[in-house]
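Here you get one chain, nothing else, as C-alpha coordinates; it is the form predicted on its own.
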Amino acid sequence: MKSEEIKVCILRVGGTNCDAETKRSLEELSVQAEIVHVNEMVKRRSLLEYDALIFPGGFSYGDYVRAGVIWAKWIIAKLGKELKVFADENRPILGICNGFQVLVEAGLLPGFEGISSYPEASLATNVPPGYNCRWVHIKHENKGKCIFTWKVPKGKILRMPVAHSEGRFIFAKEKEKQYLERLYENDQLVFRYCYKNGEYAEGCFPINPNSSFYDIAGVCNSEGTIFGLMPHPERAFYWWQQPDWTRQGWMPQYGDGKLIFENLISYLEKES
(Lines give C-alpha, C1' and ligand atoms only; values in the text may rest on other atoms or scores of the structure.)
Protein backbone atom coordinates (compact mmCIF):
# COMPACT_ATOMS: atom_id res chain seq x y z
CA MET A 1 0.00 0.00 0.00
CA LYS A 2 1.32 3.43 -0.95
CA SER A 3 1.08 6.27 1.55
CA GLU A 4 -1.52 8.12 -0.54
CA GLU A 5 -3.77 5.03 -0.37
CA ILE A 6 -3.74 4.89 3.44
CA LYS A 7 -6.95 6.08 5.11
CA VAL A 8 -6.83 7.30 8.70
CA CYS A 9 -9.88 8.23 10.76
CA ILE A 10 -9.55 10.91 13.42
CA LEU A 11 -12.57 10.68 15.70
CA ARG A 12 -13.93 13.70 17.51
CA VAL A 13 -16.64 14.65 19.99
CA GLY A 14 -17.58 17.79 21.86
CA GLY A 15 -14.43 19.05 23.58
CA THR A 16 -11.91 17.60 21.12
CA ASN A 17 -9.40 20.30 20.18
CA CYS A 18 -6.41 18.68 18.47
CA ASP A 19 -8.08 16.95 15.55
CA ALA A 20 -7.11 19.58 12.95
CA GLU A 21 -3.42 19.51 13.91
CA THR A 22 -3.42 15.72 13.75
CA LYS A 23 -5.06 15.76 10.31
CA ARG A 24 -2.54 18.30 9.04
CA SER A 25 0.38 16.19 10.26
CA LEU A 26 -0.86 13.11 8.41
CA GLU A 27 -1.63 15.04 5.23
CA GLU A 28 1.89 16.47 5.29
CA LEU A 29 3.00 12.83 4.88
CA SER A 30 0.62 12.27 1.93
CA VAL A 31 -1.93 10.20 3.86
CA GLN A 32 -5.70 10.46 3.50
CA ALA A 33 -6.87 11.74 6.89
CA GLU A 34 -10.50 12.39 7.75
CA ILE A 35 -12.02 13.92 10.86
CA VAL A 36 -15.30 12.17 11.70
CA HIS A 37 -17.66 13.02 14.55
CA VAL A 38 -18.67 9.90 16.46
CA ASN A 39 -22.37 10.53 15.78
CA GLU A 40 -21.66 10.50 12.05
CA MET A 41 -19.67 7.28 12.47
CA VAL A 42 -22.56 5.57 14.25
CA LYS A 43 -25.24 6.71 11.81
CA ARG A 44 -23.58 6.49 8.42
CA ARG A 45 -20.04 5.13 8.56
CA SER A 46 -17.93 2.21 9.75
CA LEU A 47 -14.58 2.14 11.52
CA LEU A 48 -13.63 -0.71 9.21
CA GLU A 49 -13.47 1.69 6.25
CA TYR A 50 -10.13 2.88 7.64
CA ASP A 51 -6.62 1.51 8.00
CA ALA A 52 -5.86 3.31 11.26
CA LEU A 53 -7.79 5.12 13.97
CA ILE A 54 -6.77 8.08 16.12
CA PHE A 55 -8.35 9.44 19.30
CA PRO A 56 -6.92 12.99 19.50
CA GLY A 57 -6.36 15.31 22.43
CA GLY A 58 -8.76 17.72 24.06
CA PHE A 59 -11.32 17.52 26.82
CA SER A 60 -14.01 15.14 25.59
CA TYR A 61 -17.40 15.95 27.09
CA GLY A 62 -15.64 18.46 29.33
CA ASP A 63 -13.94 15.68 31.32
CA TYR A 64 -16.83 16.19 33.74
CA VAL A 65 -16.53 12.82 35.50
CA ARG A 66 -12.87 12.01 34.93
CA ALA A 67 -10.79 12.49 31.84
CA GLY A 68 -11.80 10.24 28.95
CA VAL A 69 -14.28 8.05 30.82
CA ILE A 70 -17.50 9.38 29.23
CA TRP A 71 -16.16 8.98 25.69
CA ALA A 72 -14.74 5.56 26.53
CA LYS A 73 -18.06 4.23 27.82
CA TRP A 74 -19.91 5.82 24.90
CA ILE A 75 -17.60 4.33 22.30
CA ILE A 76 -17.83 0.85 23.82
CA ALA A 77 -21.64 1.07 23.96
CA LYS A 78 -22.11 2.40 20.42
CA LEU A 79 -19.11 1.07 18.47
CA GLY A 80 -17.75 -1.65 20.72
CA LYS A 81 -18.17 -4.51 18.23
CA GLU A 82 -16.50 -2.61 15.38
CA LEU A 83 -13.74 -1.44 17.68
CA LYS A 84 -13.06 -5.01 18.80
CA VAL A 85 -12.84 -6.21 15.18
CA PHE A 86 -10.56 -3.28 14.39
CA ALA A 87 -8.25 -4.21 17.28
CA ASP A 88 -8.43 -7.96 16.61
CA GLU A 89 -7.31 -7.34 13.02
CA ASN A 90 -4.30 -5.43 14.42
CA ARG A 91 -5.27 -2.22 12.69
CA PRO A 92 -3.34 0.57 14.42
CA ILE A 93 -5.04 2.72 17.06
CA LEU A 94 -3.38 5.83 18.50
CA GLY A 95 -4.52 7.79 21.55
CA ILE A 96 -2.97 11.21 22.18
CA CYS A 97 -3.43 12.83 25.61
CA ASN A 98 -7.22 12.72 26.04
CA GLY A 99 -7.18 9.90 23.51
CA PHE A 100 -4.74 7.98 25.73
CA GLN A 101 -7.15 8.49 28.62
CA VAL A 102 -9.99 7.11 26.47
CA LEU A 103 -8.00 4.00 25.49
CA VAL A 104 -7.15 3.28 29.13
CA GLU A 105 -10.72 3.81 30.32
CA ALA A 106 -12.03 1.60 27.49
CA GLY A 107 -9.70 -1.25 28.49
CA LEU A 108 -7.64 -1.15 25.28
CA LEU A 109 -4.48 -0.16 27.16
CA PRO A 110 -2.35 -1.61 28.54
CA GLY A 111 -4.28 -4.58 27.12
CA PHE A 112 -2.19 -7.35 28.68
CA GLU A 113 -4.73 -9.97 27.60
CA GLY A 114 -6.54 -8.06 24.86
CA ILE A 115 -9.40 -5.64 25.52
CA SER A 116 -10.21 -5.67 29.23
CA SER A 117 -13.76 -5.33 30.55
CA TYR A 118 -12.45 -2.92 33.18
CA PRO A 119 -9.57 -0.39 33.25
CA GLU A 120 -6.24 -2.01 34.15
CA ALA A 121 -4.60 1.38 34.76
CA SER A 122 -5.62 4.99 35.25
CA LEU A 123 -4.53 8.46 34.22
CA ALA A 124 -5.13 10.27 37.48
CA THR A 125 -5.03 13.90 38.56
CA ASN A 126 -1.61 15.51 38.26
CA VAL A 127 0.60 15.84 41.31
CA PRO A 128 1.03 18.70 42.00
CA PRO A 129 -2.60 19.25 40.95
CA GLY A 130 -3.54 21.60 38.14
CA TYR A 131 -3.32 22.00 34.41
CA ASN A 132 0.26 21.55 33.20
CA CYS A 133 1.29 22.83 29.79
CA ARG A 134 5.02 22.62 29.02
CA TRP A 135 7.61 21.01 26.76
CA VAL A 136 9.15 17.82 28.12
CA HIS A 137 11.73 15.23 27.15
CA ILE A 138 10.79 11.58 26.83
CA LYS A 139 13.07 8.58 26.42
CA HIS A 140 12.22 5.77 24.03
CA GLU A 141 12.15 2.47 25.95
CA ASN A 142 10.66 0.13 23.38
CA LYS A 143 12.69 -2.56 21.63
CA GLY A 144 10.63 -2.52 18.44
CA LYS A 145 7.21 -3.99 19.25
CA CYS A 146 5.31 -0.68 19.15
CA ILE A 147 4.50 0.01 15.51
CA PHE A 148 4.33 3.76 16.18
CA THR A 149 8.01 3.84 17.21
CA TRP A 150 9.44 0.67 15.66
CA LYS A 151 12.09 2.57 13.69
CA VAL A 152 13.07 4.87 16.57
CA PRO A 153 16.31 3.70 18.25
CA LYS A 154 15.93 2.51 21.83
CA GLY A 155 17.19 5.20 24.17
CA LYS A 156 16.53 8.12 21.77
CA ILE A 157 15.40 11.32 23.52
CA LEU A 158 12.41 13.13 22.00
CA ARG A 159 10.99 16.52 22.82
CA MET A 160 7.26 17.21 22.79
CA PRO A 161 4.72 19.30 24.72
CA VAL A 162 2.22 18.09 27.30
CA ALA A 163 -1.03 19.86 28.18
CA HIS A 164 -3.25 18.09 30.70
CA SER A 165 -4.65 18.02 34.21
CA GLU A 166 -4.99 14.24 34.50
CA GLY A 167 -1.91 12.54 33.09
CA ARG A 168 -0.49 10.63 36.07
CA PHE A 169 -0.24 7.05 34.82
CA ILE A 170 -0.82 4.64 37.70
CA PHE A 171 -1.63 1.03 38.45
CA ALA A 172 -3.45 -0.22 41.55
CA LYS A 173 -0.86 -0.07 44.33
CA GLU A 174 -0.96 -3.82 44.96
CA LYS A 175 -0.35 -4.54 41.25
CA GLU A 176 2.41 -2.00 40.50
CA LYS A 177 5.30 -4.44 40.60
CA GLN A 178 3.45 -7.19 38.73
CA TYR A 179 2.18 -4.89 35.97
CA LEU A 180 5.49 -3.06 35.54
CA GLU A 181 7.22 -6.43 35.08
CA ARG A 182 4.62 -7.34 32.45
CA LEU A 183 5.21 -4.07 30.60
CA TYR A 184 8.90 -4.93 30.36
CA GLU A 185 8.40 -8.62 29.59
CA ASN A 186 5.94 -7.83 26.78
CA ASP A 187 7.92 -4.83 25.49
CA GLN A 188 4.91 -2.57 26.13
CA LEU A 189 6.72 0.32 27.80
CA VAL A 190 7.31 2.95 25.12
CA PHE A 191 8.21 6.33 26.67
CA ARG A 192 9.41 7.60 30.05
CA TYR A 193 9.84 11.22 31.13
CA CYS A 194 13.49 12.21 31.39
CA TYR A 195 15.96 15.08 31.55
CA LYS A 196 17.48 16.47 28.38
CA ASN A 197 20.56 14.28 28.92
CA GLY A 198 18.45 11.11 29.15
CA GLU A 199 18.51 10.61 32.93
CA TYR A 200 15.11 9.48 34.14
CA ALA A 201 12.98 12.03 35.97
CA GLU A 202 12.42 9.69 38.93
CA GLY A 203 9.21 11.55 39.68
CA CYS A 204 10.91 14.94 39.89
CA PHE A 205 8.57 17.80 38.92
CA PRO A 206 8.45 19.34 36.34
CA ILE A 207 10.68 16.89 34.43
CA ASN A 208 7.92 14.40 35.16
CA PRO A 209 5.02 16.85 34.76
CA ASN A 210 2.38 14.81 36.57
CA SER A 211 4.16 12.38 38.97
CA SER A 212 3.36 9.45 36.68
CA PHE A 213 4.35 6.06 38.10
CA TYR A 214 7.85 5.06 36.97
CA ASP A 215 7.91 8.24 34.82
CA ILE A 216 5.62 6.49 32.29
CA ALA A 217 4.60 8.77 29.41
CA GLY A 218 3.37 6.17 26.89
CA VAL A 219 2.57 2.47 26.58
CA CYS A 220 1.36 0.09 23.88
CA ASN A 221 -0.74 -3.07 23.98
CA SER A 222 0.70 -6.58 23.91
CA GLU A 223 0.54 -6.64 20.10
CA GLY A 224 2.18 -3.24 19.70
CA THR A 225 -0.63 -1.95 17.49
CA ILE A 226 -2.48 0.19 20.06
CA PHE A 227 -0.47 3.06 21.52
CA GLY A 228 -1.22 5.89 23.90
CA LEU A 229 0.93 8.76 25.09
CA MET A 230 0.35 11.97 27.04
CA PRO A 231 2.72 14.23 25.03
CA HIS A 232 1.36 15.71 21.79
CA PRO A 233 3.28 14.65 18.64
CA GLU A 234 1.00 16.73 16.43
CA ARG A 235 2.13 19.83 18.33
CA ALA A 236 5.79 18.96 17.75
CA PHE A 237 5.57 18.17 14.04
CA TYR A 238 7.10 21.34 12.57
CA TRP A 239 10.20 23.21 13.68
CA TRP A 240 8.27 26.44 14.19
CA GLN A 241 6.02 24.82 16.81
CA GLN A 242 8.93 24.64 19.24
CA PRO A 243 8.90 27.46 21.80
CA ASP A 244 12.57 28.38 21.48
CA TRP A 245 13.04 28.19 17.72
CA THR A 246 14.02 31.85 17.44
CA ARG A 247 16.96 31.26 19.80
CA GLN A 248 18.23 28.19 17.98
CA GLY A 249 19.47 30.01 14.91
CA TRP A 250 18.91 26.96 12.73
CA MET A 251 16.50 24.11 13.15
CA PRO A 252 15.51 21.10 11.02
CA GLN A 253 12.26 21.42 9.10
CA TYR A 254 10.41 18.99 11.34
CA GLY A 255 10.16 18.25 15.05
CA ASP A 256 10.25 14.92 16.88
CA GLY A 257 6.49 14.44 16.69
CA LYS A 258 6.81 13.60 13.02
CA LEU A 259 8.46 10.30 13.96
CA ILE A 260 5.26 8.91 15.48
CA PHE A 261 3.25 9.46 12.31
CA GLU A 262 6.09 8.35 10.02
CA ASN A 263 6.41 5.05 11.84
CA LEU A 264 2.67 4.42 11.59
CA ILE A 265 2.77 5.02 7.84
CA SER A 266 5.87 2.88 7.35
CA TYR A 267 4.18 0.02 9.18
CA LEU A 268 1.03 0.24 7.07
CA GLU A 269 3.05 0.38 3.86
CA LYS A 270 5.03 -2.67 4.94
CA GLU A 271 2.03 -4.72 6.08
CA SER A 272 -0.15 -4.14 3.02
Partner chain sequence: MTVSLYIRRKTSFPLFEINILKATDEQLLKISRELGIGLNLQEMKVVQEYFKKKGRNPTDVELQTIGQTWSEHCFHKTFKGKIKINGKEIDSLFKTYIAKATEEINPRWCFSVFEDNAGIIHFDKGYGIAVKVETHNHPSAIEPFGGAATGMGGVIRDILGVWADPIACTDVLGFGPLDYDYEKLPPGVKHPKYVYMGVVAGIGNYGNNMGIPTVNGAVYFDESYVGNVVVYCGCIGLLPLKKFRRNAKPGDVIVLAGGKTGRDGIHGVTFASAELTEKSEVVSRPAVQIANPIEEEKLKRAIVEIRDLELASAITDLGGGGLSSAVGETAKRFNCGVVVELEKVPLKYPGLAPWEIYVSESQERMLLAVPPENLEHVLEIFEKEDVEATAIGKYTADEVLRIYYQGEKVAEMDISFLFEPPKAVRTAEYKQTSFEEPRFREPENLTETLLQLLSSPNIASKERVIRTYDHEVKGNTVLKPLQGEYGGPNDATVIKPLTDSWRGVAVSCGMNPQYGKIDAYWMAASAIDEAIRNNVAVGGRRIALLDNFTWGNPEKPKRLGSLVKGCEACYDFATAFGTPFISGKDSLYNESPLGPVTPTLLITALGIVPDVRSTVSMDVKAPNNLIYIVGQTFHELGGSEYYRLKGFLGNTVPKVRPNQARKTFKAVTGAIDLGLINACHDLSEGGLAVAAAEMAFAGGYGMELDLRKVPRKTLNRNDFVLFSESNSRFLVEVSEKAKKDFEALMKGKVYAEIGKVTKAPRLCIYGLNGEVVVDASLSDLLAGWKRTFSSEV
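Positions refer to the first chain, counted from 1. Not measured: the values here are computed from a predicted model.
Here the subject shifts to the form predicted together with its partner chain, a form of this protein not shown in this document.
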Pick from 131-139, 148-156, 107-115, 85-93: which stretch has a heavy atom within 4.5 Å of its partner chain in the predicted complex? 131-139
Among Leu183, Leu79, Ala124, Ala163, which has any heavy atom within 4.5 Å of its partner chain in the predicted complex? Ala163
Exercise: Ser211 in contact with its partner chain in the predicted complex, heavy atom 4.5 Å: no
Examine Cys18 and determine whether its closest non-hydrogen atom to its partner chain in the predicted complex is within 4.5 angstroms. yes
Is there a heavy atom of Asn39 lying 4.5 Å or less from a heavy atom of its partner chain in the predicted complex? yes
Taking heavy atoms only, is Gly62 within 4.5 angstroms of its partner chain in the predicted complex? yes
